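Below you will find one chain, with nothing else, as structure tokens; this is the form predicted alone, and questions on how it binds or moves follow later.
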Amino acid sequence: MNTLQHQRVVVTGANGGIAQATISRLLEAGADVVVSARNEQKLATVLDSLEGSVEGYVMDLLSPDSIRSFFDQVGAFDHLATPAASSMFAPIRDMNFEQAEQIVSTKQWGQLYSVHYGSRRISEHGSITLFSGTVTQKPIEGSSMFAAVGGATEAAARIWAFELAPLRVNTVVPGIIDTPVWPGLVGADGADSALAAMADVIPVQRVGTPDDVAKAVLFLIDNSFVNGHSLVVDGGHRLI
């Protein structure tokens, strides 16, 4: 299926599991993909692991100047997807505020700056796919910062869909996804058991995969009649 043949798609933060699955799906669909990574070493690792029409540039989401420079180098393109972000879980009484500020900087401000600079170079009938999480709808202990920045992203995306029309802006809202981030959040020894426990309560009886989210991103990019929408990909977790 070459539904995105000759279309240029930018994916930020290519090192993450969801980003890599998204890039693979985009390449399968015939897209020319542009990726970012925080430094030259990470960028080289990503580019060496990919086959197809891929190019990349360094971008640090903590630096507005770096984000602007990235899009200056990219030039004109058709679609933007922004999965890059840092991660943390902590109850409010145990909050590490340095880590909390980094999530705001990468996931909220990083996406905002990416839209600010990137939208000037996207084709008129292109799209932007932002990222949130179902903790905006289903409370999970320790996820207050994810919920705060995710809720802000979803709300902003609806406004940007109105402001930037006919350019489309949507948000993908993943649930519990099995990615390399979990050992860092709950410890290497506890990641598998934590995900297994979550799978037992999710209606579809499993946690999500990066490819589940990548398929949703591809849908939001490809379907030109979907706009201002938050697409939940959580196996029904928010329902219980």
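The first residue of the sequence shown is number 1, and the count goes up from there. These figures come from a predicted structure and were not determined experimentally.
As for the form predicted together with a small molecule, it is not shown, yet the points below apply to it.
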property	result
All of M59, S86 and P180 with a heavy atom within 4.5 Å of the small molecule in the model of the complex	yes
Partner contact for N15 in the model of the complex: the small molecule, 4.5 angstroms, heavy atom	yes
Any non-hydrogen atom of R206 within 4.5 angstroms of the small molecule in the model of the complex	no
F131: touches the small molecule in the model of the complex, heavy atom cutoff 4.5 angstroms	yes
Contact label in the model of the complex: R68 to the small molecule, heavy atom within 4.5 Å	no
Stretch in contact in the model of the complex with the small molecule, which is absent here, among 117 to 125, 101 to 109, 72 to 80, 156 to 164 (heavy atoms within 4.5 Å)	101 to 109
